[in-house]
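One chain comes next, on its own, written out as structure tokens in the form predicted on its own.
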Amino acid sequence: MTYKAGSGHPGGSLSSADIMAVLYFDIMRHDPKEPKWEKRDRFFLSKGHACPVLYAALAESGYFPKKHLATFRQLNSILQGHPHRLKTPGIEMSSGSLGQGLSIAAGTALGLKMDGNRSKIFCLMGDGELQEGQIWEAAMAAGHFKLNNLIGIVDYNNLQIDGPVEKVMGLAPLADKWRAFRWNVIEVDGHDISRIKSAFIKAGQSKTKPTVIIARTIKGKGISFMENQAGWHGKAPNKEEYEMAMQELNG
């Protein structure tokens, strides 16, 4: 997608690909034939620039034909550079302005609880995004209202557009921060499928608290020259790089 568009964000899409695979094919209740099914689980992509991984999951699930993936970021495409809920089937929230997703997720989770709807809300955040104050306002509200139907995921690849997260504005000790806001915390290898699945199952069993899964990941995972390189946060591969990347992924 990013190669064809000549723009986009491959690094953070690849770091969260294993998380998304588990969510859409092992954990979430959803129906591509009925995207607005009342009892569906909801997924919110707070780090909206990583939408290629969400579009891939939606296409693989059957929300729209895979041929649309080739139109990413093109004029009039249903797949814009950031998610647009009115254009793309399966998108719950238009996003891109970082820091807002958890607030929307928490509000939705509270509304569902008030309605007696037992659906779960999942919200994927970037680690650099946690430098936004609104994230922590939402975290405080979710803890206060005991939103046990809310599961946050932090894609902790430790790189953002300006470099290492800990140099730009450090998050440590991250797990302790979430616990202080009255959340359950699960830390996991974000590329170990079985452990990711176990973390989501455990998170779904919470009775009185929201849960955050802090997933340690690698930016650009799966492509040797992209891994752990901040420069691949928002850069598309050229033809040679694309061919190398596909050879590695297919290998």
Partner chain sequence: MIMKNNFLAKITELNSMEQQPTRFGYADALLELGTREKRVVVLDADLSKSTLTSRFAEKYPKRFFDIGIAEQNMLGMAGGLSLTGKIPFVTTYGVFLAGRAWDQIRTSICYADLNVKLAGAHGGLSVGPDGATHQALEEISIMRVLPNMKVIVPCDTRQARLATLAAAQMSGPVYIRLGREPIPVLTTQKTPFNVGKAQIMKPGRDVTIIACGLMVYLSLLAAQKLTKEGISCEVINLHTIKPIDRKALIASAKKTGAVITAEEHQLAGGMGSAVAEVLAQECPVPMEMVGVRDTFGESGQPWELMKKYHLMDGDIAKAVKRAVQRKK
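This is a predicted model, so every value here is computed, not measured. Residue numbers count along the first chain shown, from 1.
Just so it is clear, the following notes concern the form predicted together with the partner chain, a form of the same protein that is not shown.
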Problem - Proximity to the partner chain in the predicted bound form (heavy atom, within 4.5 Å), stretch among 152-160, 98-106, 67-75, 169-177 - result: 98-106
Practice task
Look up in the predicted bound form whether Lys146 has a non-hydrogen atom within 4.5 angstroms of the partner chain, and give yes or no.
Solution key: no
Exercise for the section: Consider Ala138 of the chain shown here, and say whether it contacts the partner chain in the predicted bound form, taking contact as heavy atoms within 4.5 Å. Expected result: yes
Practice task
Report whether the minimum heavy atom distance between Gln131 and the partner chain in the predicted bound form is within 4.5 Å.
Solution key: no
Handout entry: Touches the partner chain in the predicted bound form: His84 (any heavy atom, 4.5 Å)
Key = yes
Handout entry: Heavy atom distance at most 4.5 Å to the partner chain in the predicted bound form, all of Tyr3, Ser16 and Ala50
Key = no
